[in-house]
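Next up: the same protein chain in two forms, each one alone, written as structure tokens (structure 1, then structure 2).
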Structure 1
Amino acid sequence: MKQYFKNTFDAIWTVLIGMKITLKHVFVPSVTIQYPDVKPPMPERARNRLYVNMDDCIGCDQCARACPVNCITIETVNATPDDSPGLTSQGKKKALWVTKFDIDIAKCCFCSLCVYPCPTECIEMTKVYEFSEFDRNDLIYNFATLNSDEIAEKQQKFDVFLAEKEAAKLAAAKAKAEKAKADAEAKAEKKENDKPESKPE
């Protein structure tokens, strides 16, 4: 019987305490951030959309290798000596034309693992977080600065360069071969030993 009245009392009392607390909170200023009108400041280390400073990128592919989800695709073309991509801001010499630098932001897991290994600190996570899209393909970011013509040009240049090099090599080889031939005539027995040497390891 005592329990009966105690229950009644407890119920009413604890309800009143609860009501007091909620009432108190009516007068506590609200914590809401009025988002589109007031944008909260981002902490300085915020990890949001990736940005690549292509001026500095040397196309070393470190970031793509560090990425756990493989959402960075980098394709490069070697630069020809006459047509250098220039220097990075730290004064490093670039040796590659980056023809393709796609980050599929839709896949990215914002882990920032790609940021640390970059030798030139050109890939970074920015504070931009508002980048919703209506189309999924718009979320594939293309950072490469070269347009397709240029890419074709560079590719061609490199091909030409390669071809020239090849040709030069070939020529050199030929010259060598001729020289060797001349030598061979002298030392015909030694010929067999040359072959395994030239094989790549």
Structure 2
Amino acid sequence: MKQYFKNTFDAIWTVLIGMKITLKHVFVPSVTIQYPDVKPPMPERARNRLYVNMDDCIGCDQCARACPVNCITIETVNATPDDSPGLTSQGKKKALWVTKFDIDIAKCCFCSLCVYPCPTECIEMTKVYEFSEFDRNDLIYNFATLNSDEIAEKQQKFDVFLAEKEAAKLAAAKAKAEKAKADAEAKAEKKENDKPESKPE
């Protein structure tokens, strides 16, 4: 009988020890926040989703080269003298049309190494950390502002500009060669005319 009461006491005592933490929190106010209506404050230098201000992007590709996981893809087309992309907010003239600026956030390791080398400070880490998707392809963010028709137009303009430049270069080289040939012929003719005539014996 004594052993029975001892076993009962040990069982109750074991339960009380196990419920110590639970019983302590019964009398403590709840600290649960009502997410997503209430969100915890983000740290000052949080590393979350990337954002690119395309108005300031000059297509220098430095952010893509700095990325350790190659999650940034940039493609550009040279601007022609009569079709300039404009200026950045800092007054720097753009020389390239950015036809593709994709960031695969599924690959991003949130290291922030792409932010620092940007000369125009157009890429930054935001405070947005909620970007789950059902389709993995939706995690590839396209920041380029040109549509496919505009990209084809810019590429065609640059190709025409290159062709005209090459034609002008060939024409200049041809004119130079013709001038050199004419000068050589004139020099030879002058030399022939200046040659003294042989006297008859």
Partner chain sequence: MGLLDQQFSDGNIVITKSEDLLNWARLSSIWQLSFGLACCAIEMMATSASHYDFDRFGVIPRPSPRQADVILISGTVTLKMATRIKRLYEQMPDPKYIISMGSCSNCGGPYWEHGYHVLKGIDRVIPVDVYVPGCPPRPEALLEGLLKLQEKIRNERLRKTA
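Keep in mind it's a predicted model, so treat the numbers as computed, not measured. Start at 1 and count along the sequence of structure 1; that gives the residue numbers used here. Throughout, rigid core stands for the largest set of C-alpha atoms superposing within 1.5 Å between the two forms.
A.B. asks: Looking at the two shown chains, say which is the form predicted on its own.
C.D. replies: It is the second structure that is the form predicted on its own.
A.B. asks: Using the rigid core as the reference frame, would you say residue 176 shifts its C-alpha by 2 Å or more between the two structures?
C.D. replies: Residue 176: C-alpha displaced by 2 Å or more between the two structures.
A.B. asks: Once the core is aligned, what is the C-alpha displacement of residue 13 between the two structures? Give it in Å to one decimal.
C.D. replies: Its C-alpha moves by 9.9 Å once the cores are overlaid.
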